[in-house]
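Next up is one chain by itself, shown in structure tokens, the form predicted on its own.
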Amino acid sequence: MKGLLIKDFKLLKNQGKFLFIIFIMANIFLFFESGSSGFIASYMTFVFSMFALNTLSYDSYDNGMPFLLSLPITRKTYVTEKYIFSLFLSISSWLVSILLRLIFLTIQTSLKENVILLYADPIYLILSIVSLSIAIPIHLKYGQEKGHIIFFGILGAIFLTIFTAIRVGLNTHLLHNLINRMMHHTGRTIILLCIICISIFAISYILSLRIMKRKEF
């Protein structure tokens, strides 16, 4: 697994210019438009974590998977490494984005106000991990091109379903009460979301193992 991690970090290094540009743009937006810091933090977390999917494409390029599996690497080790690598990218990019956001907001407002704003930041990490949990099995099953289409199709269907339910089928008074209760119990809400996120991540890992074991190269 150590060799696979080194390989993926080398691939990450090769994409350094692109990731560095995103990092610089995020800092510029934070400097001139600190009010959108929440969006910048979520965007950085999502983009950096999604790089794990690019490594799947690089591994498959030019018949690379049969070569990788000819090495002393099992399919389970390969899948485990991808999940560890994607988790590392998600957490590290999330921590960096929070640090940047905190620095820029502290320059303009008080530290107490910033701590309150940062309460919602764990949701960005949770959404990023859930997105990866959906995307990795799909990309392993269908490949990079079809995987992207199916993944974004699923995300679009989820958001459309939520939007439609809110507009036509959901009691708005009940929705407001639910949101208010979640806001008043932020700690419990985040713990519940973390449990759901971990469960989805574990299910995704099991599905990816099954897909990888049955896949022919």
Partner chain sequence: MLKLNNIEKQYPQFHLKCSLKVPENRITALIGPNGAGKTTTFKAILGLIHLDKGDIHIFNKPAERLTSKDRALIGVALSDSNFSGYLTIQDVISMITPLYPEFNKEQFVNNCMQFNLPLNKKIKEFSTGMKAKLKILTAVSHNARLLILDKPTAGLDVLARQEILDILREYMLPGDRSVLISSHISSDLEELCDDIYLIHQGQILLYEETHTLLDCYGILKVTEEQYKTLDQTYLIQKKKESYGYSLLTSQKQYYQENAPELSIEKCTIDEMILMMIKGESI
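Numbering follows the first chain given and starts at 1. No experiment lies behind these values; they were computed from the predicted model shown.
Not on display, but discussed next: the form predicted in complex with the partner chain.
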- Item | Within 4.5 Å of the partner chain in the predicted complex, all of 156, 161 and 164 (non-hydrogen atom) | no
- None of 190, 53, 47, 68 but one has a heavy atom within 4.5 Å of the partner chain in the predicted complex; the exception is 68
- Message: So, residue 58 and the partner chain: in the predicted complex, are they within 4.5 Å at any heavy atom pair?
- Response: yes
- Query: Quick one: does residue 73 come within 4.5 Å of the partner chain in the predicted complex, counting heavy atoms only?
  - Reply: yes
- With heavy atoms only and a cut-off of 4.5 Å, decide whether residue 11 touches the partner chain in the predicted complex. yes
- Task: Determine whether any heavy atom of residue 199 comes within 4.5 Å of a heavy atom of the partner chain in the predicted complex, and answer yes or no.
- Result: no
- Item | Contacts with the partner chain in the predicted complex, stretch 200 to 216 (heavy atom within 4.5 Å) | 213, 214, 215, 216
